[in-house]
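Shown below, as structure tokens, is a lone chain in the form predicted on its own; questions about how it binds or moves come after it.
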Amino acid sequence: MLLDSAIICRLRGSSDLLTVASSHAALLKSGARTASVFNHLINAYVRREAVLDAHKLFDEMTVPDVVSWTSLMAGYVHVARPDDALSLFHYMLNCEAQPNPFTYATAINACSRLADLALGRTIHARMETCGVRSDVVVSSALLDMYGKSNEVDDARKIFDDMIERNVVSWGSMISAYAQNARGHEALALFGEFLRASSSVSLVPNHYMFSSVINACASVGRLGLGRSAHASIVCRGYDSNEVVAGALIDMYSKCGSIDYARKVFDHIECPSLVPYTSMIIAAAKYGLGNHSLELFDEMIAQGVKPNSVTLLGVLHACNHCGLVDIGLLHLNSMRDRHGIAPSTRHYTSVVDMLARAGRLDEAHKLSKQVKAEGDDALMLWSSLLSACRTYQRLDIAAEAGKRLAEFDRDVAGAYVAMSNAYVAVGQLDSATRIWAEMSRRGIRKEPACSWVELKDVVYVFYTGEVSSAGPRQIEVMELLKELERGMRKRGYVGGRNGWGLDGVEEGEEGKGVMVGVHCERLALGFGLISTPKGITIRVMKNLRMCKDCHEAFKLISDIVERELVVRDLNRFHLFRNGSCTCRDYW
């Protein structure tokens, strides 16, 4: 008995499969064949990812108990075979051993891995009937499944019904919000967690911090992101590669590419996630050559890229006009890296070709790619946008027709078509597009920009300066003064900085009188509200117009500041009268 206990202790501390196998042999030699011994062995094999060996041992058991079933199921989930875990679960339901909360949680985790929401709901219903849903482990698993299935409101209902919450359940709910473009709600819930944790012993882990950082990135909250970063450093999580990757992404999306690089440089031996995050970050700022240098460095360090890394490389080539290099990377993905190009890779290449004016090649590739859903929407949107620039109404008509078939973002397709007609002087056709939109009740999303000052976000809409409060007059006077300075430097756009000629992506046709564009209002407010020399970061929900782009270049030189604009597609870093995109966007 003492010998068996010593062997089991060795099993628990085993760090390799050889130790597990030798302990297994020793237990068999001693004649120990109880369910407890079998379960210790199954768990040991599962920890070493030898799930087939664990299953063989399981099959030797006369009557496996609930621990045996659950351990083997968890092993299959761990080695990315969730379908096998669910097969075991269904078979178990007809056996003597009945599922416990951990078994149900494991089954739900398997459904989450498979993205099988229907089966997950069925198991959820069974748990309600059996009365185990109130268990904190089960509820946390349900939270995670519904969140990953984009059923955020169902996840919140589970969360609200929980009597007891642990750091996993809080983290799962925050993650559900962050992963489903509901960053404000994620940050609000994190605030609730911090208040709740002051009365109970709850400490945020690195998974929660990663979700919080992702939420800050999605809504452009640099101040909150910096505060979270400070807490991460204090708790020693900054060395975690997932957290580091999230921080790089957050700083880049919040307009601080230099801080993103500092986080990356602080990592002693960058792995796949940090390298990929930094490659994508540099690409979004138009620093394509830097992205390609990082990719070459990554390969030289023996870090194997994945499909997301290569998508970042293609984005880098796209945003810098490196078309031939981009095509070379696309065509070598399979042979050099063993990765088959996906629809997203082809979509990036279509956009790259279209931006460069190679519309016939882009159109041909678009028809060859079997894109569906969001991928098709993105592909044809990219093609349509380029048609306006290069005045290709033939391709624009086909792209517009394809986009009009979607049940979302139809307004974007109509607006892009209208702009294409306006670009070639066919105002009657553009008017017909807007009349059709009016008839169908389709409205475009209003343009808005925001700037964060001292952890407070100020949102501006085109022509509306009310967000500036009592400083409205100061903002408008500054914009007038800046326009006079720009005109002295050769600026010919706009009309006294008020009724601007030209329109944003999505305005109702060129030449229509519109108010001052929202990004200029946000910039003006940022300039009067911060000390000289401080970088101004403006976020915008739509694409920045060419007129404002030219204005921001000149203003950066006049005020001697760095200006960062994050629009729908990319980042623009203005300094000393130029932009990192080099006017290729």
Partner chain sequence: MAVDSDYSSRRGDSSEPRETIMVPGCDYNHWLIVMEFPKDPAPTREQMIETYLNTLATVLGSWLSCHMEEAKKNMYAFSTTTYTGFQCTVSEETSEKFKGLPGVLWVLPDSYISSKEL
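From a predicted model like this one, the values you see are computed outputs, not experimental measurements. Positions refer to the first chain, counted from 1.
What comes next is about the form predicted together with the partner chain, which does not appear here.
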Per-stretch contact check against the partner chain in the predicted bound form, the hit in 233-241, 362-370, 106-114, 139-147 (non-hydrogen atom, 4.5 angstroms): 233-241
4.5 Å heavy atom contact, S227 and the partner chain in the predicted bound form: yes
S218, heavy atom within 4.5 angstroms of the partner chain in the predicted bound form: yes
Contact of R439 with the partner chain in the predicted bound form (heavy atom, 4.5 Å): no
In the predicted bound form, A397 touching the partner chain (heavy atom, 4.5 Å): no
Single option in K262, R484, R334, R81 placed near the partner chain in the predicted bound form, where near means a heavy atom within 4.5 Å: K262
Contacting member of L377, V132, V152, L322, with respect to the partner chain in the predicted bound form [4.5 Å, heavy atom]: L377
Partner contacts for 546-570, taking the partner chain in the predicted bound form and a 4.5 Å heavy atom cut-off: R566, L568
